[in-house]
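Here you get one chain, nothing else, as structure tokens; it is the form predicted on its own.
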């Protein structure tokens, strides 16, 4: 069996002692290494449940390097639990499904069963949004993306999840490493619950879904951010991501059903 290789290198400038949470570790690695080095003081790193890493850093340069080997296939995806289904039907910070119910019903309410609805939503978002780096910010939600007609991967994923929830299809987002993505970066996709399984949908169509590697899952980007600053002051001037598939990249029509492991 061939294995995928992923990695992330993050460089921070810490101007005030900081406490931050990193979410860059693959969900199910076969092997991995995490190296964190800091400035003049000691860097304290604690792994928390959910593959989170809590970092307490002194002033100065903070460098984080992560590498992992991940099985390219063979892991059976889990089914949809009742708690997951309930959470994935609720509005959230970046997915205000309660505000887009009328639009969703008018546009997609007659598309057919849940699978046809999700397929229609994803195709519509792909066709009607323009992918533009820097076109949205950290507070942009799905309603703003719909009005603006442009965004990046997180905006595409948020809009797909929001429209699904507005039509009572449970939906969430997943942060992933994405072999084949260009330029390489962290990537966000949507997952919809269909027939008791989490199916993955990427309205950007920038990378094949079959080779995506899960990092984190949540209601929206607030749950899956690669870095969250809890206290202190810092900036992240350096970010380098690598993701190499084990073997050839698969072909993806982006309309058939696919699942993340």
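All of these numbers come straight from a predicted model, not from anything done at the bench. Positions refer to the first chain, counted from 1.
Below, we turn to the form predicted together with another copy of the chain, even though it does not appear here.
Student: Answer with one of 174, 100, 152, 117: the residue that has a non-hydrogen atom within 4.5 Å of another copy of the chain in the predicted complex.
Tutor: Checking each option against another copy of the chain in the predicted complex, the one that comes within 4.5 Å is 100.
Student: Considering another copy of the chain in the predicted complex, which of 107, 184, 80, 71 comes within 4.5 Å of it through any heavy atom?
Tutor: Exactly one residue meets the criterion: 107.
Student: Against another copy of the chain in the predicted complex, would residue 89 count as a contact residue? Criterion: heavy atoms within 4.5 Å.
Tutor: Taking the distances in the predicted complex, the answer for residue 89 is yes, it comes within 4.5 Å of another copy of the chain.
Student: Going by a heavy atom distance of 4.5 Å, is residue 219 a contact of another copy of the chain in the predicted complex?
Tutor: Yes, residue 219 sits close enough to another copy of the chain in the predicted complex that at least one of its heavy atoms falls within 4.5 Å.
Student: Wondering, does residue 156 line up within 4.5 Å of another copy of the chain in the predicted complex on heavy atoms?
Tutor: Residue 156 lies outside the contact set for another copy of the chain.
Student: Does residue 124 reach another copy of the chain in the predicted complex if we count a contact as any heavy atom within 4.5 Å?
Tutor: Residue-level check for residue 124: yes, a contact with another copy of the chain.
Student: Using heavy atoms only and a 4.5 Å cut-off, decide whether all three of 9, 179 and 227 touch another copy of the chain in the predicted complex.
Tutor: The answer is no: none of the three residues contacts the partner (heavy atom, 4.5 Å cut-off).
Student: The chain here is shown without another copy of the chain. Which stretch in 58-66, 191-199, 227-235, 27-35 comes within 4.5 angstroms of it in the predicted complex, by heavy atom distance?
Tutor: Looking at the partner contacts, the answer comes out as 227-235.
Student: Can you tell me which residues in 135-154 come within 4.5 angstroms of another copy of the chain in the predicted complex, by heavy atoms?
Tutor: In sequence order, 138, 139, 143, 146, 147, 148, 149 come within 4.5 Å of the partner.
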